[in-house]
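Before any questions on binding or motion, here is one chain by itself as structure tokens, the form predicted on its own.
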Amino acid sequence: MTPMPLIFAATCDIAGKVRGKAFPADQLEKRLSRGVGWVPTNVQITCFDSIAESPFGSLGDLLLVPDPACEVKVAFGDGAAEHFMLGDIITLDGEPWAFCTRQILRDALDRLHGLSGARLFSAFEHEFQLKGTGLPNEGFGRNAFENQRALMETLMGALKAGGLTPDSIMKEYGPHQFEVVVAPEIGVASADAAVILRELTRSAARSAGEEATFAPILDTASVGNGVHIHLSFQDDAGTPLTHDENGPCGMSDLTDAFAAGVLRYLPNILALTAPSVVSYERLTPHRWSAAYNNLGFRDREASLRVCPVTARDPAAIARQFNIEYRAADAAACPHLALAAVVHAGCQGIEDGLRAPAATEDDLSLLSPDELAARGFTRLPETLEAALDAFAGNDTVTGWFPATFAEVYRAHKDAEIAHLAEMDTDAKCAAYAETY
């Protein structure tokens, strides 16, 4: 019997999981227009495969339509090539479905362009861990890298074959932890690339007899795995708009207002960018993650960081200059996380906000009153508190489709309920299995 090649039509849902349906490859032309069937209540499948309370019940039908711009076909060894395509969820009338995460991001990007004429140029920087012990005492170590060189080279080759532009890869500080970076992309393509990177990392690890996890934290006595989102702006002609040598920390007026909006609403969007229960074990002071709504200049403790550049001439500096959102992890759908950050930045532009001065001190030493006097706040310390901050802000919930906040809260409540009887170690282990 001759195997039938299949293509997997995929969506990255609000749980940050990639789900979908496969079809015979010789049906591609038909599926590009007609898609495959999808069900509204699928949006309420949590990362643990429980189904949260759904307003849709058993009713309704949708289509998941693959996007040829997001086609990935990569062979690992002698087996069948992995072949998938990210796509969009639409109604039977051909309209975008309100809970399609790619469409939610498009709406945010359209808002940014309408307000400023800017297009977002961004990249997701990922940390992940291989399960098992690895070599001890090898933070950033060459020996640990060489021990996994074959896997790292396979992964970088897979990313290139999958249509991405590999930038760098290294052994990170944590046990069996690595960091992989791809080049930035314009618009939705950046979040698409983040999804593809995660899937190909898992596949490359599996092909090498390893198992990769992007879970936010595996051991609270050790490090966590973050996702850092690098952001810059261009006009329609590709001219950089992010840098002004005379602006605060080198930020242009556009970047300054955008950053101010992100910082103002960071406590309210955290439930979308760091959406797991154990995300909040990582977002604590002195973990080089994010704990306050502060701007930092080359400071890896800040939630929003102005990154260094290596160029010397003004034109090259303008092309390299970017800011980095650090309060995120891979439990988040990249499209949803980026949409939240972009909407927050847009609100800063609309409201004419100015970013606070970059911090250079240890904010954990300040009392709540001292923080408030300087315009800072400790970020929510639990997922429940983050969800309250999201649902309780009408401005923020208004950025998203009607009923989105209600559906998202129900989804996350079901995730929290699944873990209710577990201790912290068991919760970390549960997320390590699913992400």
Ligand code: GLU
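Quick caveat, the model's predicted, so the values are computed rather than measured. Residue numbers run from 1 along the displayed sequence.
If you look for the form predicted together with this ligand, you will not find it shown, but the lines that follow are about it.
Residues within 4.5 angstroms of this ligand in the predicted bound form, judged by any non-hydrogen atom, belong to 220-228 and to none of the other stretches in 116-124, 87-95, 220-228, 130-138.
This chain is displayed alone, yet in the predicted bound form one of D256, E172, E185, E199 has a heavy atom within 4.5 Å of this ligand; that residue is E172. The single contact residue among R206, K73, R287, K160, judged by any heavy atom lying within 4.5 Å of this ligand in the predicted bound form, is R287. Contact check for D192: every heavy atom lies farther than 4.5 Å from this ligand in the predicted bound form.
This ligand is not drawn, but in the predicted bound form it has a heavy atom within 4.5 Å of R300. The closest non-hydrogen atom of S252 lies beyond 4.5 Å of this ligand in the predicted bound form. For the chain shown alone, E281 is not a contact residue for this ligand in the predicted bound form, no non-hydrogen atom being within 4.5 angstroms.
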